[in-house]
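What follows is one chain in structure tokens, specifically the form predicted on its own.
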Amino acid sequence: MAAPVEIAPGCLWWQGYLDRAAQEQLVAELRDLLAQAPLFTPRMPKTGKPFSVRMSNCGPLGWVSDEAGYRYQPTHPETGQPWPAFPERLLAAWRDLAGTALQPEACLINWYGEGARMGLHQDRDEEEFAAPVLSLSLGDTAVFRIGGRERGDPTRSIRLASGDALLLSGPSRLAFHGVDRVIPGSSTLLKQGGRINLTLRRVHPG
């Protein structure tokens, strides 16, 4: 495995971590998973404004957002069913890259269709910040932006392609980050186009 590029302190980028065959296998597993836990549209707390990204989760816990706030819960907000188990390939990536004995408890599955984006934000709904957040990209390339721990800190942008892995750890664990846009037609992995982003997280202290 090639050494990662450190794009900010603690933010490590592995280009092409998953080869094409591994990406295709993971997409097939996700298709089955999403049949059990369909994509839903999260909404902003208080206002109820819908996100442009649709999402689901897998693992013991899943992240949801609605008028009541941001939270992790063990069941799908629409079906009421428990989230499906992690695909083994996601756990293997965590073992390879996370650098911690703590195990993930949630994997957010974000689907970026045409025009979807994600504003600058911090991942701080977890109780455990010592563990990193591990992201895997599938499908069209995303313009990813990362700054510092303050919203006004300078930012840097990179292009996350299908198969890339990104780790937010140490000083970057609470860095502001987001996706400015997705480049249509930049990958042939997903028949319908768009991008899937998977983020593995530890929620509770070890």
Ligand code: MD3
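In this text, residue numbers run from 1 along the sequence as written. Being a predicted model, the structure only gives us computed values, none of them experimental.
We do not show the form predicted in complex with the ligand, though everything after this point is about it.
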{"item": "Contact stretch among 26-34, 149-157, 172-180, 42-50 - heavy atom within 4.5 Å of the ligand in the model of the complex", "value": "172-180"}
{"item": "Contact at Ser56, Thr79 and Cys107 by the ligand in the model of the complex, all three, heavy atom at most 4.5 Å", "value": "no"}
{"item": "Single option in Trp94, Trp83, Phe86, Tyr112 placed near the ligand in the model of the complex, where near means a heavy atom within 4.5 Å", "value": "Tyr112"}
{"item": "Contact of His121 with the ligand in the model of the complex (heavy atom, 4.5 Å)", "value": "yes"}
{"item": "Close approach of Ser187 to the ligand in the model of the complex, 4.5 Å, heavy atom", "value": "no"}
{"item": "Arg201: touches the ligand in the model of the complex, heavy atom cutoff 4.5 angstroms", "value": "yes"}
{"item": "Touches the ligand in the model of the complex: Leu168 (any heavy atom, 4.5 Å)", "value": "yes"}
{"item": "Contacts with the ligand in the model of the complex, stretch 122-142 (heavy atom within 4.5 Å)", "value": "Asp123, Val133, Ser135"}
